[in-house]
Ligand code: ADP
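Below, in structure tokens: the form predicted on its own, a single chain.
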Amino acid sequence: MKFGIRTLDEMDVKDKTVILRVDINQPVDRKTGKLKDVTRIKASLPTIKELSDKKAKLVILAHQGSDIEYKNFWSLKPHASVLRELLGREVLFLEDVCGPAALEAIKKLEAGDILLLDNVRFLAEEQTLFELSLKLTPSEQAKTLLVTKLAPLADFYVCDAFAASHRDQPSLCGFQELLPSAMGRLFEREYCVISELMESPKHPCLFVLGGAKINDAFLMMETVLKSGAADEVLAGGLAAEILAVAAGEDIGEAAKAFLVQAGHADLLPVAEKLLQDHSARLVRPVDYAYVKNGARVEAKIGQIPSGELAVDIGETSARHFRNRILAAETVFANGPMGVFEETASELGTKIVWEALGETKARTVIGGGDSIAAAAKFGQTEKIDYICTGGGALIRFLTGEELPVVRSLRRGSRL
């Protein structure tokens, strides 16, 4: 075991039915129905291949899209096609999750077969709104439709979805109440790498925080600054704007209105406390950029016109961040500096991500947008470790035990 969790080395899966939960959630081109990226699918291959090679009867569960963050529910049919191509072997796919067709297909599996069932989030009990509203305990999750239908047909449960390990949903936390459980190779590697780096990072250690998903970001900043794990936090994206408003800086009325509209006003008191306690170690932008008539416009704090929304950090700030990254020994990065997908607002992220590729520091990035930015700017091969999880990585860095980790430890005792 590692961290109190069983690994695949301790499982004899030959001729056994194994339920494997992966995270292969990828951006989808809704016009063509094809995947825009396959990074997470590639990361899941070692576990899938190992279980199939060991002659398990493999049932794969996964999700695509979220009712909160993405609103892009989609079938896993294109994912099955990619898996077939990358594995070079047959992958059965059913447009069913736990209905009669799925149950019958599982019963007919032979040793080494791979079956991918459809998007678990087609089930209400797997949606984030359901999770946050009902807050089911693991024992209650074990009584949900998905688990009660599939668990009786299985011998083992394996979770390889580190990227979703901050979620508390039946496919992630319910099966461990009923089935002997283990973590897959990707989960094992990511948990070990992040744990080791957090326990003894080389200093100076920087955290680069950006993006728009910031529910746990401020708690993470407090944790790593208070513990001394981070020497500094470089803030971009929405986190920088919240800190700016909390500090009384003028970044435009549009930004303030957006924070309220997006439901982030409650983070302002948290940001104020963070500035009060750690202002000297919070490195924030001194300028931003907005887009006017399709062109990038740089503006210092206090000079952003009313009605214009900052969509990137300014070039001066980005180059200042770059210099700090080049002088560091360890750098964690999660979330871009702005709307890097658009040419007019990509500069801040481009400069910072190129610095991540150039620095001699140990570099770790996490999250779908961070991975996409590394690919766009040609830095993927230059980053020391790319973690598939974004929200999971942030939650892990707060020091909180992740729900899936708790459940896997219970399931490892069965």
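Keep in mind that what you see is a predicted model, and the values were worked out from it rather than measured. Note that residue numbering follows the sequence shown and begins at 1.
This protein has a second form, the form predicted together with the named molecule, left out of what is shown; the following refers to that one.
Student: Residues in which of 321-329, 119-127, 234-242, 261-269 have heavy atoms within 4.5 Å of the named molecule in the model of the complex?
Tutor: Contact-bearing stretch, as computed: 234-242.
Student: So in the model of the complex, does any heavy atom of S370 sit within 4.5 Å of the named molecule?
Tutor: S370 belongs to the contact set for the named molecule.
Student: Taking 4.5 angstroms as the cut-off for heavy atoms, does K213 touch the named molecule in the model of the complex?
Tutor: Yes.
Student: Although the named molecule is absent from this view, report whether V339 comes within 4.5 Å of it in the model of the complex, heavy atoms only.
Tutor: V339 belongs to the contact set for the named molecule.
Student: Is it the case that Q169, even though its partner is missing from this view, gets within 4.5 Å of the named molecule in the model of the complex, heavy atoms only?
Tutor: Heavy-atom contact with the named molecule at 4.5 Å: absent for Q169.
Student: If you check V311, L179, C205, L94 against the named molecule in the model of the complex, which one has a heavy atom within 4.5 Å?
Tutor: When the named molecule is considered in the model of the complex, the option within 4.5 Å is V311.
Student: Using heavy atoms only and a 4.5 Å cut-off, determine which of S165, Q141, N334, S317 is in contact with the named molecule in the model of the complex.
Tutor: Of the listed residues, the single hit is N334.
Student: So which residues in 160-182, when you check the named molecule in the model of the complex, have a heavy atom no farther than 4.5 Å from it?
Tutor: Going through 160-182 in order - heavy atoms within 4.5 Å of the named molecule in the model of the complex - there are no hits.
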